[in-house]
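Shown here is one chain on its own, the form predicted on its own, set out as structure tokens.
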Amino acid sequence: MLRPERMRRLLIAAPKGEIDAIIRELYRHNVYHIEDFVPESSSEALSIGHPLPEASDAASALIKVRAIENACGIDPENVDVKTKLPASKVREMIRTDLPVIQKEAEDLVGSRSRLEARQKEHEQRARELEPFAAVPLDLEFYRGYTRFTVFTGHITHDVEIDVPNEKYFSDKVVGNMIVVVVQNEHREQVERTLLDAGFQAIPVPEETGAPADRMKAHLEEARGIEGEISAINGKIAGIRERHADFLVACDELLTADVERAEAPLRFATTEETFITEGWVPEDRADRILDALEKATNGKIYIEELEIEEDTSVPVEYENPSFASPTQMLMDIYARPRYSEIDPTLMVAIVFPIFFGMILGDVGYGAVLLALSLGLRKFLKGEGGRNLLKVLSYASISSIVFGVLYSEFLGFSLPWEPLVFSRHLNIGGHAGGHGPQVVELMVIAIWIGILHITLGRILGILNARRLYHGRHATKAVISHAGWLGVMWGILLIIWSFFPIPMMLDLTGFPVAIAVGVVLLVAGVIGIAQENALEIVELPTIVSHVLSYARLVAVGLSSVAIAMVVNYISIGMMIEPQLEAITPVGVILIIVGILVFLMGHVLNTALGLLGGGLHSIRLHYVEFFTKFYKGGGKKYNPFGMISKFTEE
């Protein structure tokens, strides 16, 4: 439970004639993690294998299927399973139905592409004509002169031309529009004048007639083509509706065919045999071994190899079902190594507690719970669904702490706080209670001390697993030293100053002596591994104090909620209820909007603050005490069929 799943390393060798049967059996069981063969220059006997004969046809068919899926907007991840199709039926339909569907889809997509190109062309021409629509000249009047030069373009402002000219200026166009006709001998002079005013020339479209009429005609053509495109999109949607189940089944089946056919590229081969090394979970190894023996009638050699380095072992989580969604948070940081403790279960328990302590409101928790449950219908990806499950656990924790704090959207619930009050004095009242900040801070600091202590204890256990000999001993003593320094500092402080809600140790010399001994012994224990670690001693205090965020962030959320309530209800709504007036009704509506928007934003801030600060306490303050990470993900050869069945 606190360790990854145990693995066995297998070497499999067999004649090449059995390669297809072995690959199919390994793929069917979906438990064998293949170690890719990397040829060495010194070894001439072994080489990378070749794909099976059917690889090319399967890959070609898969490309066609995925092209159709892409054209029709089909994502296998978002397709719900209705009924699994028999693999034999899918293979028969690939031969008979797939070419027809492919041709229909390709024809529609080709027609749509041509129409879209025409549509863009008409839209582009309309944009080119738009500046000229502001000038009362037909397009043919801009061309064909031998003695005159025509300037057309955008300009920052109107200008005076000092030579005989014909000019049109319009500020009804973005960037302004100017047309100037002058004799050729004045061309350079006029050009300098225009450039000084920020003139940017634009070409005259190669068309005839009034620009406004031509622009209108192009836009009408574009709109007409849009209708044709919509009709084609409707036909493509029809393909999606009729054939989505078949296409995703084809995708799955052909993907399996390609992966099986290309598997020899990961094996080592000789002229007569092939060899593969890989990993199998310990509890499923015997079953796959028996299956391989039966599939080859004993024409196979299997040897279990020793595990030399834990970094080469693929890691598969082994956690209770409720902790499985939290594995996503672990992968964001780093997957555990094979030999070290897997903290997923601890994170799955502690993360929602921290989140609940920070947010701690029945109303906000209920909103987030409803949101996490409702969004599951729309998110099909495994990562998104796992994140929503984690959010649902955290939301339930927030509701529980909201009951304990007696909080609902910044209001007090009908009962007294069952633990400590976080109600602030805003608007002349504190919801029945003032905040017990000191007590809350003491609890948060003690949580930090215990959480970090647990991390150091796990660090000692991990050191015994990850290291050997003298290195392991030094690491264990160093972790114990960090514990000694932290608890030594705590005892010394405790001996001089009474700590609320704790035993009073002031005046006990024994406590001071024990604290000093722990502090000195701890510093020596840290230094014996690496003297430079001494400079990190201040982090003991900073990491413990970092847990104060469990209270500080939560109090900020309470403050925002109570301010929103005071502004919306106390200042806007309640005064207007004494005497209803038209202006009062408007203020009441505004107050309701302020109330809703304020709490929506505070819910978002609570989600962001509660989530980020809770996971930060794990990543920075907790994991750095014991966790190395860097494990390789277990990726078995095979797939779990979703749309097809043998």
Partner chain sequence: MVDFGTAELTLEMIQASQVGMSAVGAGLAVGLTGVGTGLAEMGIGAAAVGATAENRDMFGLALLFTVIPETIVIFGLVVALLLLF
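Numbering follows the first chain given and starts at 1. The structure presented is a predicted model; accordingly, all values stated were derived computationally and were not measured.
Another form, the form predicted together with its partner chain, is not on view; read the next lines as being about it.
Contact with its partner chain in the predicted bound form, judged by any heavy atom within 4.5 Å, is made by just one of Val150, Ala212, Val437, Ile302: Val437.
With the partner removed from view, the residue among Asn176, Ser546, Gln119, Ser412 that has a non-hydrogen atom within 4.5 Å of its partner chain in the predicted bound form turns out to be Ser546. Proximity of Leu98 to its partner chain in the predicted bound form falls outside the 4.5 Å heavy atom cutoff. A residue is said to contact a partner when one of its heavy atoms sits within 4.5 Å of a partner heavy atom; Gln200 fails this definition for its partner chain in the predicted bound form, lying far away. Of the heavy atoms in Leu612, some are within 4.5 Å of its partner chain in the predicted bound form. Taking non-hydrogen atoms only, Ser321 never approaches its partner chain to within 4.5 angstroms in the predicted bound form.
Here the chain stands by itself, but in the predicted bound form one stretch of 569 to 577, 553 to 561, 286 to 294, 448 to 456, 553 to 561, has heavy atoms within 4.5 Å of its partner chain. Every residue in the set Ile332, Leu424 and Met441 has a non-hydrogen atom no more than 4.5 Å from its partner chain in the predicted bound form.
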